[in-house]
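Given next, in structure tokens, is a single chain: the form predicted on its own.
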């Protein structure tokens, strides 16, 4: 994607403001034309004064005042048009910035976990903020300055050639010099700019990673080590940045020299042409004014090229994220079946993160509404992966999963996930109030429903002891709460969602024994009318499961009830021995 393609793509993001963009473009065209009136009228006034005798005031004023009135008219038009362009350009740029930012966030949220995990959240945040800032600047500067500057350069050449082609050649050479130098420096610095932006992204990712793990950094006395890592990246940024700054300093010196030489050439050539009666004094004045005008516009274009060359890598990263097509998305004919009954069936499901090892290998089972199936096994056996396939965090490479006899890939993603409530192994909470966190799955839930769900999850007592109760802000990832409190909020949240299918991924792992017993009682009452899939390392929590699947290396190696598996003296029995030491009673 070249610079001009990047520029045009940014303009394509105008969306609903495209019509306003066209209006501003025509206003810039009119403004660029009007700006040439001043130097031309100035030259005409000089010629009028030089032709009329100074002693005859009436003759002089009769020759000059129509030009002055016309000059005033163009001046008023320029002021009005410039003000209008500036006002509406600001509004357009700010409005589109927020619209594109929203689009970016929505796009990232739709990307499946497999794709999001490849990029650090701090890097995604940096790409979003810097990308939208760059787009805002691009839209604003384009409609306020650069479009008029570019149009002025296009109009200037034929106008100058019409007035005096000899002096016009000087301006053409000046434009060519500016264009060559800018193109040369952009090519020299493009790779370095990409390296700089890559280092900035690394810096953002490392900083976000460090700040999100402050407790770990402090407890392991890693403050100095983390700072040294940040400083190393900063040195890489500066190492790539300084050569770029040097190149643009050279361009500044050369362009300033070129402008000075051009003005001198216009004056010297103009004097010679005047002595040869090939030009008037007014035309010399006009071309000197033209030179000042074109130099100002060229300075704007060079500054724009410098800025865009530095910011282009940010836009490359931004568009790269926007261009990432979700691997998991709604089919064109996807349906919303409403609330499902909860019949879940896995048919020969296989999934692999990295071939040839399969995280889930030929998994088949069925669960009816009101039943509970538990998945047990060592860490890495594929339990969490198997259940994440149900709500389409990933899609299987072979086999399929159905709910109520319908392949889940035929569901709209929102409809599918609305029917599934998940308690994750790690409690996932926002830096918002307790009430806001509870209402994530059911925004319209009443205060009474919140209290009831929290009471069933054994969470009401500690919530009422918070400074602001349900309105208490719990910090990033619920940091102000204990692990057990965070887990109880997660359970209350899924109870409040009231989905027909429940996934409990180590839902009680952070609870003490008495609280766990109370929560299990509450969950048992809830699961009677729902399909419940449980992942548990504590076997005591799944005694009442209708069926237990023992997994190893992605495969089901044993299945049956708690008592039946206990009697088999197989892998399940081995796990029990590891947990309890002695054989517990199965009664």
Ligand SMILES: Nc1ncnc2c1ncn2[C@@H]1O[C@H](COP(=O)(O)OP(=O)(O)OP(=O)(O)O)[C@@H](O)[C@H]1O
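Numbering follows the first chain given and starts at 1. Everything quoted here is computed from the prediction, not taken from an experiment.
Here the subject shifts to the form predicted together with the ligand, a form of this protein not shown in this document.
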Proximity to the ligand in the predicted bound form (heavy atom, within 4.5 Å), stretch among 378-386, 283-291, 140-148, 119-127: 378-386
Exercise: residue 324 in contact with the ligand in the predicted bound form, heavy atom 4.5 Å: no
Residue contact check: residue 374 to the ligand in the predicted bound form, 4.5 Å heavy atom: no
Interface membership of residue 196, the ligand in the predicted bound form, 4.5 Å heavy atom rule: no
Non-hydrogen atom contact residue 354 with the ligand in the predicted bound form at 4.5 angstroms: yes
Contact assignment for the ligand in the predicted bound form, among 425, 398, 213, 78, heavy atom within 4.5 Å: 425
Contact assignment for the ligand in the predicted bound form, among 543, 555, 537, 51, heavy atom within 4.5 Å: 537
